[in-house]
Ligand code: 13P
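Shown below, as structure tokens, is a lone chain in the form predicted alone; questions about how it binds or moves come after it.
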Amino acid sequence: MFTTASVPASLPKDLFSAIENLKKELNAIVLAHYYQEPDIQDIADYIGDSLGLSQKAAATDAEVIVFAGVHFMAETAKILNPNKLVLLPDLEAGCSLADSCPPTEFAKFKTAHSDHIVVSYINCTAEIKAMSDIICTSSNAVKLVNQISPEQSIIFAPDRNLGRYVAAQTGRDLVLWQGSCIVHETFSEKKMLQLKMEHPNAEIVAHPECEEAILRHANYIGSTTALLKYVESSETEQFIVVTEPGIIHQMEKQVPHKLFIPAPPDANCQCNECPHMRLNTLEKLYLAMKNRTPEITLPKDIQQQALVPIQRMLTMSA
């Protein structure tokens, strides 16, 4: 957790107040993903998953959007708000899943399946979005695929695990790009089951980006927002949480009397934490707002092409 003692002399001692003042000065909104550190979640104006963040970015009347997340999320906000200043506290906050789908290689893949439409998970670069027909998130992927004609062949990119889950839920034969998330592939089935033996009354809740071996043990599978809503409404008092543990901060705030246990990675490390998400800090967020940089910029043609499938998602999700 952030402490004022750790703040360099050049920064305000009370970063929370300083950020609140900058919000007013800039007419800025701070959007944060559930996987951000607790201090950033606590200062954010809105916390959500990719769908909720996209919807909020599309609807905001703020002049400046400060995106506490990873690069593709800030890109999405810029695509939806081409004339607004979009800031990302650390430009190095990327995404292993987005990196696993290089645009040049994906273009060849798409050409090889020219009769397919492309449904791309929002965890991809703006270039991949520009090559897509529909963007989806983990919370709406099944709903969107179910709206596509059964006769229409579909490429699902870039996450193979989410793609397998969507295929199983919809009964569709999807052609999957073989990308994955380093965090959601790191969970150990063996260690998770050992935890279950130690906490026999706990339910396992998992994100659909997890591998099939993990999902088959889950009592509930859903997006980060869906997981949060489930643990709030469930009568169960203990949960093993199989996704990036940043979500646990919100779970503990919403239902503090319940126990949330982060699922362990296969290795003896903190590999269940997204190293990209955690590059953002409260200090970097303050400096980004103070200096109006780092700013997200995109070529206009990419913005315009990528906007179409994102708007299609928002319309189909309504």
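None of these values were measured; they are calculated from a predicted model. Residue positions are given as counts along the sequence shown, with the first one as 1.
FYI, the form predicted together with ligand 13P isn't displayed, but the following is about it.
Colleague: Go through 284-292, 29-37, 57-65, 248-256 and give me the stretch that gets within 4.5 Å of ligand 13P in the model of the complex, heavy atoms only.
Modeller: Stretch 29-37 is the one.
Colleague: Please determine whether N123 contacts ligand 13P in the model of the complex, using a 4.5 Å cut-off between heavy atoms.
Modeller: Yes, contact at 4.5 Å.
Colleague: Residue-level contact is defined here as any heavy atom of the residue lying within 4.5 Å of ligand 13P in the model of the complex; does M73 satisfy this criterion?
Modeller: Yes, M73 sits close enough to ligand 13P in the model of the complex that at least one of its heavy atoms falls within 4.5 Å.
Colleague: If we define contact as a non-hydrogen atom of the residue within 4.5 angstroms of the partner, is H184 a contact of ligand 13P in the model of the complex?
Modeller: Contact with ligand 13P, yes.
Colleague: Tell me, yes or no, whether S223 is in contact with ligand 13P in the model of the complex, where a contact means a heavy atom of each within 4.5 Å.
Modeller: Yes - in the model of the complex, heavy atoms of S223 and ligand 13P come within 4.5 Å of each other.
Colleague: Taking 4.5 Å between heavy atoms as the contact cutoff, choose which of I43, I47, A263, M277 touches ligand 13P in the model of the complex.
Modeller: Of I43, I47, A263, M277, the residue with a heavy atom within 4.5 Å of ligand 13P in the model of the complex is M277.
Colleague: Even though the chain is shown alone, can you say which residues of 203-223 have a heavy atom within 4.5 Å of ligand 13P in the model of the complex?
Modeller: Heavy-atom contacts within 4.5 Å come from H207, E209, S223.
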